[in-house]
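Laid out below as structure tokens are two forms of one and the same protein chain, each shown alone and named structure 1 and structure 2.
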Structure 1
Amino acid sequence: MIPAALSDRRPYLRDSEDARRAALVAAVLDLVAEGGVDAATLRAVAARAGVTPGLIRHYFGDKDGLMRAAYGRMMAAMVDPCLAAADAAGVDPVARLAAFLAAALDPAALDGRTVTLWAAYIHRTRHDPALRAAHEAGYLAFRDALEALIAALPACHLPPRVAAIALNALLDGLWLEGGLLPQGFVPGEVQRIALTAAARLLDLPELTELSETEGP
């Protein structure tokens, strides 16, 4: 046996399969957000996850498998908090909608990192059928949730589908602009605009004061 001091072989550390998969996926998302898809080379991913490139092949088969897993994780991280916020807001339809909107444009989600990450994947969704399916599923889940929230509203003069599409587009656009040009808005402005515009689209009384109920 070769003494540790003389062997430059990387120490052999075991871990659970779940932990390894999670670490590798997290490394991909970090790298993509920092330097674009190009930065997420297998070697860089492995280094950040503290393992060796071969392990990626062991767990994900090839690079496409890794990227697909990372994309699924990203979509969940974007959509789930909004659904959870609505559910946590109780039963009042207006409060539920306001909570959903506020969560969608939460400063954490508005981070340019997330937008960059999302954009970096978009072009792949057009050519990779698996990614495309994941994209459509996530997008429609979000829009359907929005449509359900709108349908539960007391009075809305627009068909729920139309209102959901328009409101969803408004959220997407604000999320995009807020994430890409953070210094173009004063803090909280993006959320306020979303609530104002949503109120006008849906014939609702002003929603803005609802979001300011988070006192210290």
Structure 2
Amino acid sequence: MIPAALSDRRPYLRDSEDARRAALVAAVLDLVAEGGVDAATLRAVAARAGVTPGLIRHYFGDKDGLMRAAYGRMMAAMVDPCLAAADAAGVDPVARLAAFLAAALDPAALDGRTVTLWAAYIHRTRHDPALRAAHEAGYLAFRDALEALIAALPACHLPPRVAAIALNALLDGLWLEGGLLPQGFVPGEVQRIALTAAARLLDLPELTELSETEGP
């Protein structure tokens, strides 16, 4: 039997470890956003997170491990809100798809900082197989969710995979431009463009109606 004192301490220790990991990941992302990947040295990350460099090695092995974890967390932060929005939309497949698309281009998603982080990381995926795997996992999580939403529609004249790839490319372009040049769009415009284009691609007038009424 585990003594009560030890049993009581375990959740605290687990929370403490999770908090330290999260602080290190947040420190990496802050430093990369401010000065690029080269700015996120072990010493700088440790100082920003308020820990010793040895703790980074303990949790992540080396700087590369920490960088990959931070990139994976950034990708998840882009995908998870879209999944949550679709779930919150209920069971209607058209409403779920519209919510997913709108969340992908929500003002919170059109964040210049995230675009900067993505750009700082993306060229390194060509030379770092583990980082490329993290990118692939995030991309496929988003695309596979989009494909499943399309497959659930009452009818679609395109194969769901083809439609998902096309819509993902559309969202990527709008996200980049909306994040880099937010002043170039009126509030809600990029969402309405995505919904209207999706309606045309999938032959869904319901999405066209949503694009005319939704948005700030």
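Just so it is clear, the model here is predicted, and its values are computed rather than measured. Residue indices: 1-based, along structure 1. By rigid core we mean the largest C-alpha set that fits within 1.5 Å across both forms.
The chain as displayed in structure 2 is taken from the form predicted on its own. Core-superposed comparison between structures 1 and 2: the Cα of residue 175 travels less than 2 Å. Relative to the superposed core, residue 164 undergoes a Cα shift smaller than 2 Å between structures 1 and 2. Relative to the superposed core, residue 149 undergoes a C-alpha shift smaller than 2 Å between structures 1 and 2. The two forms, fitted on their core, place the C-alpha of residue 41 3.3 Å apart, compared between structures 1 and 2.
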